[in-house]
Ligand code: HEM
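Okay, so here's just one chain, in structure tokens, the form predicted on its own.
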Amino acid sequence: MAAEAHGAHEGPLVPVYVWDLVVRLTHWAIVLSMLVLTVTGIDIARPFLHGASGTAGFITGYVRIVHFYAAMVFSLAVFARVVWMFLGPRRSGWRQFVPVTRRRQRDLIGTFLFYIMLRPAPPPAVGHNPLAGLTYVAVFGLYAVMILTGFALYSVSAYTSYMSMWQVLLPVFHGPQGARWLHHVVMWLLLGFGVHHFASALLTARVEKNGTFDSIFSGYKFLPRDRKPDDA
């Protein structure tokens, strides 16, 4: 019991397939598109990728095009991941985000105690730990706000009826300026989450030594042979 509480493992570790290809592809599509969106979005608001030359206007146009295409990738990746929560395997499903089982509800507290340094190791989890999963619910909410405010802003200068129809969202965000302000604030919230997410993955990988950080590339984590997975 003491060994389990301190995250010690007895016996050999075996690979467990956790993140399927859809999860990994959508994860990296979201990450890379967010990086492109951040750089181009800041440049659209306050140009820094070019000087005061006569071609500045053309460069800004190219930056906006890149921003819009990256936004399409981001939106499609988020949509695909949400759909996969209901169509994919159990370790990709919505139960990894909403703690509906008693064990995950109990481990939610234990994981929180680990993050505030009142517990030496978190409760073992194969997929998302309960606290991380619950956090991702809020993150996907921020994704939705980012996408909707982006569509609303694009509709202001859109020339197609398909995109101009998103102007119905502008009153919800108190006009273009309100949508732009919210779009900007949510960007920083998501960047802050990204930094925390990276640091937490490194911390958990170091403490549990189960391949947490590598798993988003390979799809595999490692679990003691004699331990039943928390999502069994």
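Numbering starts at 1 and follows the sequence shown. For clarity, every value in this text was computed on a predicted model and none was experimentally measured.
Missing here is the form predicted together with the named molecule; even so, the following discussion is about that form.
Candidate from 44, 201, 169, 49 lying within 4.5 Å of the named molecule in the model of the complex - any heavy atom: If I apply the 4.5 Å criterion carefully, the residue I get is 44.
Note which of 77, 131, 153, 126 lies within 4.5 Å of the named molecule in the model of the complex, where distance is taken over heavy atoms; exactly one does. Only one option qualifies, and that one is 153.
If contact means any heavy atom within 4.5 Å, which of 102 to 110, 88 to 96, 115 to 123, 143 to 151 contacts the named molecule in the model of the complex? Comparing against the named molecule in the model of the complex, the contact stretch is 143 to 151.
Quick one: does residue 197 come within 4.5 Å of the named molecule in the model of the complex, counting heavy atoms only? No.
Contact of residue 27 with the named molecule in the model of the complex (heavy atom, 4.5 Å): No, no contact at 4.5 Å.
Can you tell me if residue 38 lies within 4.5 angstroms of the named molecule in the model of the complex, counting non-hydrogen atoms only? So residue 38 counts as contacting the named molecule.
Does the named molecule get within 4.5 angstroms of any non-hydrogen atom of residue 193 in the model of the complex? Contact check for residue 193: no, nothing within 4.5 Å of the named molecule in the model of the complex.
Within 63 to 77, the residues that have a heavy atom no more than 4.5 Å from the named molecule in the model of the complex: Result: 64, 67, 68, 71, 74, 75.
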